[in-house]
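Just the one chain here, the form predicted alone, laid out as structure tokens.
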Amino acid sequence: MKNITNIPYYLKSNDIKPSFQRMKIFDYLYKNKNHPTVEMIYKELSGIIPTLSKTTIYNTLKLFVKKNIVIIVNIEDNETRYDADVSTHGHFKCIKCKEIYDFLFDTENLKIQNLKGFQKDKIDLYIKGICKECLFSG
């Protein structure tokens, strides 16, 4: 993941007007690797920004995704989460504690069957299971 030290500059360099709300939403995504939902972002930031609405968060995230500075993580059908790490990586969701962990994988040596001659533009790799914390604690 890129080291971003100047969020207003980073947003501007991606053609995004760095409003206070946008900067706070991106800062939260960047600093918290918890792959939050809109609800989680709202809960965390509404105390800091009393005028913040879920609609603003949805619209901001939609813009961030469109500008390729945030990705959508859809491990569950009924749950959309967001990630400011747009590098190629996978996501592991623990079925016990519900935490989502990032992991790296080698896209060059990934064995994919039945797609010879296809152009692969993006690879999303999601794994569900039990994390090591839950596995060894119970």
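A residue's number is simply how far along the shown sequence it sits, counting from 1. Worth saying up front: this structure is predicted, and the values here are computed from it rather than measured.
As for the form predicted together with a further copy of the same chain, it is not shown, yet the points below apply to it.
Contact with a further copy of the same chain in the predicted bound form, defined as a heavy atom within 4.5 Å, holds for exactly one of 85, 27, 44, 102, namely 102. Using a 4.5 angstroms limit between non-hydrogen atoms, residue 17 is distant from a further copy of the same chain in the predicted bound form. Looking at residue 132, you'd find a heavy atom of it within 4.5 angstroms of a further copy of the same chain in the predicted bound form.
A residue is said to contact a partner when one of its heavy atoms sits within 4.5 Å of a partner heavy atom; residue 12 fails this definition for a further copy of the same chain in the predicted bound form, lying far away. Contact annotation: residue 56 falls outside 4.5 Å of a further copy of the same chain in the predicted bound form, judged by heavy atom distances. With respect to a further copy of the same chain in the predicted bound form, the three residues 4, 39 and 51 uniformly fall beyond 4.5 angstroms at the level of their nearest heavy atom.
For the stretch 45-73, the set of residues having any non-hydrogen atom within 4.5 angstroms of a further copy of the same chain in the predicted bound form comprises only 72.
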